[in-house]
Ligand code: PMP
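This document starts with one chain, in the form predicted on its own, laid out as structure tokens.
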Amino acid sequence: MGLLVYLNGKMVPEEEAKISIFDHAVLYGDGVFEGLRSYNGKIFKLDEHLERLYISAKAIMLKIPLEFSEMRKAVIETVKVNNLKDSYIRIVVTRGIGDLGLDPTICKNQSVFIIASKLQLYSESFYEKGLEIVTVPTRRNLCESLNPAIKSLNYLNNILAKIEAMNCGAMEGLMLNNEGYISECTGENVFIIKKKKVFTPPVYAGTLPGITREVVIEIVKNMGLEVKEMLLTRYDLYSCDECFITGTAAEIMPVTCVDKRIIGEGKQGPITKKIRESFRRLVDTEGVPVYE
């Protein structure tokens, strides 16, 4: 039996979950989305993800047709009807059906769909041996153009960077902003550790304000370590002791090679390992229960 997908107030089989070819999400990538996860029957950071969804929608003047509490209930129900305990959840809000023109005001009925399924971005072996990443030519969107803080459906910037990384034989690409500072990877935030201090690029560098990023910052502080948001160059990565990337799907992934430069000892570092262990304990115990 296939998945059941929430679509505009109804649970429908995945093969019947469709939107119009005239939806501006299809024609122009006009909409917003969120990705979140459930662990052991509990949805991790549900409210935080929903808050970011509504902020992204507000930024592009998109009216979400569900109240916050209704969206929250719909997410929980989608996981529940699919009988999932560990899942990846995707929420999408589209501008709605319009015509072939750009005018968004003619799109009167926004669509909401929610998918809950399984997702494993990287095999377990990578979490032990670490990931190799490369710097890609595609620069991160200018904040004055399409602000990366908005989690929009227009993801071509990230996709082009992903293609370039894969063409170089790497699974992830490191993206710089227009000034040459590190922004993020194609789908994850970047952290480095040097002399037991933790650093990550600030949001104004073109970084998505990641939910997992915030969790990690809190974990690091609770470990008694200093964490600082500051502009970073590739040299900072090349010369650091440890590096890792964070995201909802990737969780916390050690990086052991950047542009063919070995990071640290070429394996998961001790501080990264402790952060990962703390994160796992957190997701195993916290979250909004699905089955009550």
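A quick note: this is a predicted structure, and the numbers were derived from the prediction, not measured. Residue indices: 1-based, along the sequence shown.
Heads up, the form predicted together with this ligand isn't pictured, but that's what we're talking about next.
- Although the partner is absent from this view, R140 contacts this ligand in the predicted complex, with a non-hydrogen atom inside 4.5 angstroms.
- Looking at C185, you'd find a heavy atom of it within 4.5 angstroms of this ligand in the predicted complex.
- Using a 4.5 Å cutoff between non-hydrogen atoms, R52 counts as a contact of this ligand in the predicted complex.
- Within 4.5 Å of any heavy atom of this ligand in the predicted complex lies no heavy atom of P254.
- Put simply, of T212, T135, Q110, N177 only one has a heavy atom within 4.5 Å of this ligand in the predicted complex, and it is T212.
- Partner contacts here mean any heavy atom within 4.5 Å of this ligand in the predicted complex, and among 97-105, 159-167, 127-135, 188-196 they occur only in 188-196.
- Using a 4.5 Å cut-off on any heavy atom, the residues of 234-265 that reach this ligand in the predicted complex are, in sequence order, T246, G247, T248.
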